[in-house]
Each structure stands twice: as C-alpha cells, then as structure tokens.
Ligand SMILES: NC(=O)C[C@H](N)C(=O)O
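What follows is one chain in structure tokens, specifically the form predicted alone.
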Amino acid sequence: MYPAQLRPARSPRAARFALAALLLGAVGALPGAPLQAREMPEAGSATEARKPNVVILATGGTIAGAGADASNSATYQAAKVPVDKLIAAVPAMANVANVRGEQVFQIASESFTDAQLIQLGKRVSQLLKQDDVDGVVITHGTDTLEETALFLNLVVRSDKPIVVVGSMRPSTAISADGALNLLDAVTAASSKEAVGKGVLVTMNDYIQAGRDVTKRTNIVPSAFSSQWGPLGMVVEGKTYFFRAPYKRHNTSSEFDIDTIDSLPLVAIVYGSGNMFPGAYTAAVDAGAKAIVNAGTGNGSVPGYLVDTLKDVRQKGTLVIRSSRVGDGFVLRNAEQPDDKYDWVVAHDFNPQKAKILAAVALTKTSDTKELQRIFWEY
C-alpha cells in the first residue's frame, strides 16, 4: 500500500468508479451495478430489525379440521388439529413474526356460547396489554366467525392488530385454503398499517373489516365478503390497505371486556310469510331481553304481528328490526313507526350481528334512545 501522499493519481475513469463506490455505500446498489458483499449485523444484535411477536389463539373449526380423503373438501370433522401442528404446517410464518400458540378451545364454531366469547375476549385483552405481544390471531370456525369478530371489535380496548381467520376447506383437502389464510393473518397482525383498524378477517387474500364481513356461501373459499368492500389485501407477504373503518371500535368503544362477565339473552326470530306469533312469546318466556326481528325487505313486520311486537315491548323486552336481506340497511320509521312503538332499528347489521351488538349494549343500558345511538355509531 502507498502512503496517502504518495498514492499515484487516479485517471478520470478510475475516479468516477471510486465516487460510484462511495455512493453505493450511502444509497445502495444502482440498477445494473455489481453487488458487493456487506457485513450484516449479527442475529439478535441491536441493529437487527425486531420481528413482531404474534400469539395465535386456536379455537378449532375447519382450519383445524381433517377429512377421510384428500377429495373431501366439504365432508370432514372440524376441530381435530391442535395449534402446534397448525403452526408447524406453515413454516413461512417464522419469517414474518415470532409466533407462539395457545389452544383456547377445540370446537366447531356453531357450538360457541356467550361464555366462550367472553373467555376468548378476556384472553385477547390480557395478551394485548403485554409489551411483548404485538398482535393476536384467532383461528376460528367459519360458521360464527363474523359474530366473534364483531364482538372483539366492540369490547377489546386495544389498537394492536387482532385478526380472526378460518378456512373453508380442511387441511387434508386438495387445494386447502387454511395455510395461506393463516400466513396472511400473521402477516396482517404483524403489520404496522393494521394498527388501529379494528378487528380484521383474512380470508381468500382479502383483509375484511370484522364489523362488516359476513359468510355468504357455505362451500367455496371466497365465502366471506362485505357489502362495503374489503379494507385491503395480503399479496405475497405484504399488506395493502385501501380504506379504513369509520365506525367506533376497540379503543374508541364505550364497552370493555374487562368489565363484562356475562351477556343478556337476545333472540332472533326469522321473518317469512305466514309467521307464527308464538315464536316471539316463546323468546320472552325464555328470558330474552331483546328480540331481533329478522324481517323481510326493510325489516318489515307483518300487519298481523304488529300487536304481538307492541305487546312484547310494553312488557319490557326490546324489539330490534333487522332484515334477512343480505345487503342494504333498515331505515327508521319507514316500514313501521319505530318512534311510536319504541322499537330500535339495526341499521346495516344483519340479524346475527345485531344480536351481538344488542347483547353488548344491554350490559350498559336498556334505554331505546341510547340503544339506537349505539346502532348508529358502531
């Protein structure tokens, strides 16, 4: 090596290459330039970007299901595969986050009870209060996944990502969808862009709002959608958000799972032609604090049932008009004089989601004006 003062003068061409080398060190490789090996920080060093810590809470469902044959995509037994095997089946998750799992339940989701909803909600809340937990993923059966997603959206007071995920095919089926859905869920739960966006549902590449999404078919992987559209997508390990929730949720909610130990009984009566008044009185006799009328059209009530529902309300049970129609929303004082009868309208909540919101709201108030405000705001 030459002493600095004795180094031979560089040619203009050599000087240009030297300058390029300095620039590469500052801004990275230029298009077409040869790459040079760089010293990387040691694993675990302070300069290494910390991977998020994500906890998977497993509850069962089809995503944990198994069929007798690989051709069985709709005939299988749900809730068979434990959480450790679910995680082991998707090794790519380790590239996204530090993942650990807990087996909360091992049930098909149609068997979920209010007590289990509360237990799950409290565990999610506990975990998200920990500094070493950045997000939570809940694996869930698809039958009642939308109800659980809404419930958590209402009662867990955290802005950290909460993602509910399921699958339409068991892991044993050809072209099973669970592994990618689960990877997408962990990706979303690890994303800084997901912070503050409420409870999310990742199915079939889409990121859906837990408030809005509903199961619209019982067979194909594209079963979940919302009339208001998805929030975004997960594509090749990256989240892309295109809109954000508008309604109150999580940290802006007035409800808190830490103060809820039980939920009042809320019944749904499904609307059709030639309805039976006894369905409403049976719900009251069973102790229902509210009845969601899943009416036809705009939450319609047949003329021959109006007196029945007026009597139900006068005796203390709340009446909430929802609609069995998949999309749209129920207009107040349109089909019925709701103000006059002291009824509540469910706005754009379908009957099963209206049931969840009503039950949560009733832990705070039974005043119909307050309940109507809650249906507007959430």
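Since the model is a prediction, treat every value here as computed from it, not as a measurement. Residue indices: 1-based, along the sequence shown.
Unshown form predicted together with this ligand; subsequent notes refer to it.
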Using heavy atoms only and a 4.5 Å cut-off, determine which of Y76, W228, Y206, F105 is in contact with this ligand in the predicted bound form.
Y76
Out of E110, D256, D84, D307, which one falls within 4.5 Å of this ligand in the predicted bound form, going by heavy atoms?
E110
Candidate spot G61, G141 and S167, all three touching this ligand in the predicted bound form (heavy atom, 4.5 Å)
yes
Could you tell me which stretch in 236-244, 123-131, 141-149, 275-283 has residues with non-hydrogen atoms within 4.5 Å of this ligand in the predicted bound form?
141-149
Using a 4.5 angstroms cut-off on non-hydrogen atoms, would K215 count as touching this ligand in the predicted bound form?
yes
